[in-house]
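Single chain ahead, by itself, as structure tokens, in the form predicted on its own.
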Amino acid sequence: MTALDIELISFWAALVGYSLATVIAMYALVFQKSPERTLFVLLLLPWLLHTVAIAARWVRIEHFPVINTFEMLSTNVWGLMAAVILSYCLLPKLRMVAALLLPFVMMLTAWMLMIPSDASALPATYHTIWLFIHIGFMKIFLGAAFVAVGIAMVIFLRSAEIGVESLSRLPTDEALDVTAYRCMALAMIFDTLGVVAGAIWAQDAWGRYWSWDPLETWSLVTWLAIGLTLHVRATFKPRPSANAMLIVATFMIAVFTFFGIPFVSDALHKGAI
């Protein structure tokens, strides 16, 4: 069996598993069921298969597969699913939040399936350890913010009196607000580290730490938005619903930075995060 065969089989099996996990998570939320072990298996096993698919592609194309649009989306789906699994294990009282997060992952998956999956070529400037450091920090940042926005959505839905009965088993809004704040603080730390690592990489690759290209500019906007969200919550102590709206708005900016700018800009970052 070739690396391509392993990649394709593992990749499609992972997508089927992700789809089943999404359906079961949403069913459990709506009908107030608790198939926790089944859902955990349907989260972990497809993620492991996705890991195999990425590793097989890495072997096949002989470089870290994060260059073109397909590879970027695939690794981001992998990273977001890792965040869902970690939150599922570390925050057992919030496992129902997975039902609010998985549909977004499936949207990215659908986008990924609509674009060519051709192998990429590695630019000369990407032959550096800073590629892995920068991308690793950014994946952790996005994952932490992703979990925070899932928690914020619970608060937002409750305040709008949507699905109150289904969400009643979750902790109070005040407890959720504290957890979401901590996740955003973690996101802030790794976003900062990612920006610094990216600047060091840029100096090595292009002879400048910062050039104000569109992706760099929007990464700064995202960093400032996270900082503002944390500052407002710590200083003014607004209601959980107001904090939830800030977190959702900040995540929307991050999504635009990660999944919008790289595909409308001709900057050096285009097609890779």
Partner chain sequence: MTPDPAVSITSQLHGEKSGLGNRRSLVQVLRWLAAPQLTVLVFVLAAVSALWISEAGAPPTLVFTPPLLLLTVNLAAALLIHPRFRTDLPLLLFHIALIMLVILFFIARMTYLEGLATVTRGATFNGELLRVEKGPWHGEGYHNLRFVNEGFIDEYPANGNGYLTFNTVHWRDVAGNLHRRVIGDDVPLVLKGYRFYATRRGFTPRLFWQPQSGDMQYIDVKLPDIGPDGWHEGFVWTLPGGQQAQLMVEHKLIEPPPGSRRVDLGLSQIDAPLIVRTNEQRHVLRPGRSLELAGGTLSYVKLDVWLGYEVVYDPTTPWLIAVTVIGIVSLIVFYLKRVFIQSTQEQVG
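Quick caveat: nothing in here was measured; it's all calculated off a predicted structure. Numbering follows the first chain given and starts at 1.
The form predicted together with the partner chain exists for this protein as well; it is not shown, and the discussion that follows is about that form.
Within 4.5 Å of any heavy atom of the partner chain in the model of the complex lies no heavy atom of Thr51. In the model of the complex, the partner chain sits beyond 4.5 Å of every heavy atom of Thr109. The partner chain in the model of the complex is approached by Val196, whose closest heavy atom lies within 4.5 angstroms of it. A residue is said to contact a partner when one of its heavy atoms sits within 4.5 Å of a partner heavy atom; Val221 meets this definition for the partner chain in the model of the complex. Stretch 167-175 is the answer when you ask which of 167-175, 76-84, 110-118, 152-160 has residues with heavy atoms within 4.5 Å of the partner chain in the model of the complex.
Contact annotation for the candidate site: Pro238, Ala242 and Pro262 all lie away from the partner chain in the model of the complex (no heavy atom within 4.5 Å). If you take 199-237 and check each residue for a heavy atom within 4.5 Å of the partner chain in the model of the complex, you get Gln203, Asp204, Ala205, Trp206, Gly207, Arg208, Tyr209, Trp212, Asp213, Pro214, Thr217, Trp218, Leu220, Val221, Leu224, Gly227, Leu228, Leu230, His231, Val232, Thr235, Phe236, in sequence order.
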